[in-house]
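Taking the form predicted on its own, here's one chain by itself in structure tokens.
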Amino acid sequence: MKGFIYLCFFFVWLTLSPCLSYAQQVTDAGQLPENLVQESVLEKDSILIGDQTWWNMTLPAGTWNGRQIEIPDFSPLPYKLTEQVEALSGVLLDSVVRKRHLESIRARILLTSFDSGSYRLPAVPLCLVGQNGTRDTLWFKGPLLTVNTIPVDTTSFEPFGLKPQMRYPITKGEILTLAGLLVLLAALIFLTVLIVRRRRNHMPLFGPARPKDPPHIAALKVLEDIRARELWKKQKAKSYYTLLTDTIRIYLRDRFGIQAMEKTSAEMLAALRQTASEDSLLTDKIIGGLGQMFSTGDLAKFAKYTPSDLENEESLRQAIRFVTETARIEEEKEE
């Protein structure tokens, strides 16, 4: 009876022993069958003392289907894989998914070492447990880890420090390139300022500016265009008087220097009467006719008054008469 019990314990130990603990599982991969040994790689096969690297092991496709993966127990951490190499983490499992399909499972361990030299890592087992209790063990062959030390100056036996930044002399080509960039930047700034100024002054971008018409010529051109449009016949009395009064205001600004666009009709006429003392062309009759035109325009724009066709035509005639009689005609003198 005792022999039967010992035989049962022997078979249980033989089945579970590959996955009990890592201390009992480390073995020489060369002693295992080739179909049970898988290759593994280090993320960095050469590190400095105290540096860290990942040891990656990939389970082949199809090996884990319907089976549970049991990993060795690394506790407590850090765990010594060898006398010189330590594991800073247990076996971590990651899924590798491509095109929404599970392609493989990767197991990895974080390693470090504080002794220089080359060390062969031990084989690591991963147990695959089926639903019926069957167990298969995959052994991952340990790669070679090289641990380097910091170079030491043999003259002073001290570690090399950080080297200063290397400085190269400035070449003529670099100076010419920098000068060209500065000239190009200055040209772009000058061109931008020139374009902005000419746009503000309503001048063409290139070439000389067109000569500006005298104030009376510019005003008469606009008044003639207003006459041709005949807006009052299209039930647009407000638009008609807005164009008519604004044209006269611009003329007053350019001809007499009165900021008429910023004044009411009464303020503008008062400023015009003050200017009459210095300009003989400004008579009471011409100012009175202009005031009548502005009065009709204010009623049409602000009081919803509808002037008759006769009043509309008379307002246009008064505007043209004012511009014609107050125009400053400058004689051209030939040298």
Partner chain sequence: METVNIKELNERIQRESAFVDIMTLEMSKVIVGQKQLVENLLIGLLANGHILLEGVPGLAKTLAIRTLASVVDAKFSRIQFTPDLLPADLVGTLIYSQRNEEFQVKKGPLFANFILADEINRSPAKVQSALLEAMQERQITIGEHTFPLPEPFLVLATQNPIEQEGTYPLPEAQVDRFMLKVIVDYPKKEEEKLIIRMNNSGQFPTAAQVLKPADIRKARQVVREVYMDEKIERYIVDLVYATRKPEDCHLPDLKPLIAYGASPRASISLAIASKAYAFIRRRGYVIPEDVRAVAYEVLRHRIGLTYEAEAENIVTENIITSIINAVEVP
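Keep in mind it's a predicted model, so treat the numbers as computed, not measured. Positions refer to the first chain, counted from 1.
If you look for the form predicted in complex with the partner chain, you will not find it shown, but the lines that follow are about it.
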property	result
Among 168 to 176, 236 to 244, 131 to 139, 218 to 226, the region lying within 4.5 Å of the partner chain in the predicted bound form by heavy atom distance	236 to 244
Partner contact for M261 in the predicted bound form: the partner chain, 4.5 angstroms, heavy atom	yes
4.5 Å heavy atom contact, L48 to the partner chain in the predicted bound form	no
Close approach of A303 to the partner chain in the predicted bound form, 4.5 Å, heavy atom	yes
Non-hydrogen atom contact L299 with the partner chain in the predicted bound form at 4.5 angstroms	yes
Candidate from E43, D279, E267, D309 lying within 4.5 Å of the partner chain in the predicted bound form - any heavy atom	E267
